[in-house]
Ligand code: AMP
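Let's start with one chain on its own, the form predicted alone, as structure tokens.
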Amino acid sequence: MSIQSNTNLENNSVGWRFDNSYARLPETFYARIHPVPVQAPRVAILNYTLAESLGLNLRTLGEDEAAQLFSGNLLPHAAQPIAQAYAGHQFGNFTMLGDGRAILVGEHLTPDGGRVDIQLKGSGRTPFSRRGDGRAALAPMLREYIISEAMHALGIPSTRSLAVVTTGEIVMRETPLPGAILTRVAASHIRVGTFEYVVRSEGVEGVKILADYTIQRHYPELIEVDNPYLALLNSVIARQASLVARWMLAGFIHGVMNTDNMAISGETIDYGPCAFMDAFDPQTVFSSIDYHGRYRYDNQSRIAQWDLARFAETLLPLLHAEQEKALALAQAAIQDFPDIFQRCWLNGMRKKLGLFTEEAEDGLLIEALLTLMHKHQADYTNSFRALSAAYLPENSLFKDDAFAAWQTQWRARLSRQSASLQASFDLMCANNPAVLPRNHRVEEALAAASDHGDYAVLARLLAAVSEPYAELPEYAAYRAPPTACERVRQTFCGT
């Protein structure tokens, strides 16, 4: 098949409704550019469920037309493709970045009045590519599809994946790999790094334009408050504290919490070297490039606070006309983060243990359990799920007298609630997943698809993780932790 140049989809039977508000901001915020056409795109996977929730009917497309659309060879009607500019502190070091391999096709208006970005990831070189080729390999794009859909099923705010297509071209990394393009759906792609870019390139006026746009798009309830920019800072802090707490409650490790990977909307974004823990260890690191454990499991809340401090710095001139007062306001907001995070995490942990009420010693009860899990190298997900069984025999989880003592204390704590034991176990089952996209299962699916063109393994995994709280017999194999030879110790960024 010859390469097809970017043309617009004349038939809008899919249901696209584009209104490209970001493209109406100052042009220094982005570069207008079309996706680079690819040779022979083919559909790897389409997310029909997500499409329907967006008011899109992908079933009107033929297979070739869908491949052309989601490769960027064919653009939706009214699309105004741009590559967004942003910066970022990567492992603590500031860098000017931008969409080096992604293009925002436009903003789709959903039937419920929402607005979402439609972005192609792996769509070719842009003015921000630096020395990169602007392309993506199939396995990392499928990995993002799997993890983002699993996060959504877990109820954790996340960008989502609408499609993955193969390009018919090879990308060179350490080895030649099949190329692919992912279609990502996000509340927006405004990042802490976007503000860092704008404050350096456009100064205070640029930051004000971006902040006003962000408030209108994501926090419209703040428009009329006395100090909307301070309210914006506080709102972003609250959303991020809640988000990172949810990650940690699920045993999730993002792996690359740079400021360009912190979305102002409060969604999880950029699934590179991320992973879910198997055996509980607070210092778990998976990312192959995180040599010093900056983004390890137990450091994620501190890094989130550090990233948010960088966001606060960009807003200082808007917080107050006097620099010292602006700094005091920002510092007070940032210093609230640990308490907000701890409250979110503790409330989540209470649900995981079936606690409807609050007692002062709950934190100690939780930490004692986690200490036992670490001591026994217990599987994080399965340990909590086992506790959710209404008739867990005494001392059965770790065969340990210390656990028996903890279990007695926990049961006494449950008995002090007015709720029934069955209500507590129901609460636990609703907050302790039975199935997660375990690393060895993800790698198994990616290898089958990327190396052999076999998507059946991927389909089974996606079906399992789409019902994470259901303990269905057909998904029993996905609940098992890895054997010693199956265990995945490192994950990779894929760029």
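Note that residue numbering begins at 1 and tracks the sequence as displayed. All values reported here derive from a predicted model rather than from experimental measurement.
A second form of this protein, the form predicted together with the named molecule, is not displayed here; the remarks below concern that form.
- Item | Interface residue in the model of the complex among N382, T110, Q417, Q90, criterion: non-hydrogen atom within 4.5 angstroms of the named molecule | The residue in contact is Q90.
- Item | Of R173, K352, R302, K208, the one that lies within 4.5 Å of the named molecule in the model of the complex (heavy atoms) | It is R173 that has a heavy atom within 4.5 Å of the partner.
- Task: Would you check, heavy atoms only and a 4.5 Å threshold, whether D99 touches the named molecule in the model of the complex?
- Result: D99 belongs to the contact set for the named molecule.
- Message: With a cut-off of 4.5 Å between heavy atoms, is P140 one of the residues that contacts the named molecule in the model of the complex?
- Response: Although the named molecule is absent here, P140 would stay clear of it in the model of the complex, with no heavy atoms inside 4.5 Å.
- Message: At 4.5 Å between heavy atoms, is T284 in contact with the named molecule in the model of the complex?
- Response: Because no heavy atom of T284 falls inside 4.5 Å of the named molecule in the model of the complex, the answer is no.
- Task: With heavy atoms only and a cut-off of 4.5 Å, decide whether Q80 touches the named molecule in the model of the complex.
- Result: Answer no; every heavy atom of Q80 is more than 4.5 Å from the named molecule in the model of the complex.
- Message: Looking at heavy atoms inside 4.5 Å, which stretch does the named molecule contact in the model of the complex, given the options 198-206, 334-342, 149-157, 259-267?
- Response: Going through the listed ranges, the match is 259-267.
- Task: Let me know which residues along 128-145 have a heavy atom within 4.5 Å of the named molecule in the model of the complex, or say none if there are none.
- Result: The stretch 128-145, when checked against the named molecule in the model of the complex, contributes S129, R130, G132, D133, G134, R135 at the 4.5 Å heavy-atom cut-off.
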